[in-house]
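Shown here is one chain on its own, the form predicted on its own, set out as structure tokens.
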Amino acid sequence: MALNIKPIADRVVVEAAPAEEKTASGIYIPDTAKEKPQSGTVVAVGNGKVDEPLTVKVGDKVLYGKYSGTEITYEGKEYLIMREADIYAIL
């Protein structure tokens, strides 16, 4: 199923990776102590600015800031809309 959201300019839509359920040592993390994920998959991209084409594309796994973007819910799924400048790296 394709995402029917088309961001404008240099914005991208990212589906955040699920939060860690347990630590490396096997201790389960309660919901209140989970940190926001800082990685995800790009599901839609805008056209970019006239003088700056976008470097990310649909399907890229990216790292972004902890408080980057705006959270939205579309068709029951959580997404983030953010500017490409808020993305730190492509994995």
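Note that the coordinates shown come from a computational prediction; the quantities given were computed from them, not determined experimentally. All residue numbers refer to positions in the sequence shown, first residue = 1.
Keep in mind that the form predicted together with a further copy of the same chain is not shown, yet the notes after this line are about it.
Although the partner is absent from this view, residue 81 contacts a further copy of the same chain in the predicted bound form, with a non-hydrogen atom inside 4.5 angstroms. Taking the partner from the other structure, a further copy of the same chain in the predicted bound form has a heavy atom within 4.5 Å of a heavy atom of residue 56. Using a 4.5 angstroms limit between non-hydrogen atoms, residue 72 touches a further copy of the same chain in the predicted bound form. Although a further copy of the same chain is not shown here, in the predicted bound form the stretch 45-64 places heavy atoms of 50, 51, 52, 55, 56, 63 within 4.5 Å of it, in sequence order.
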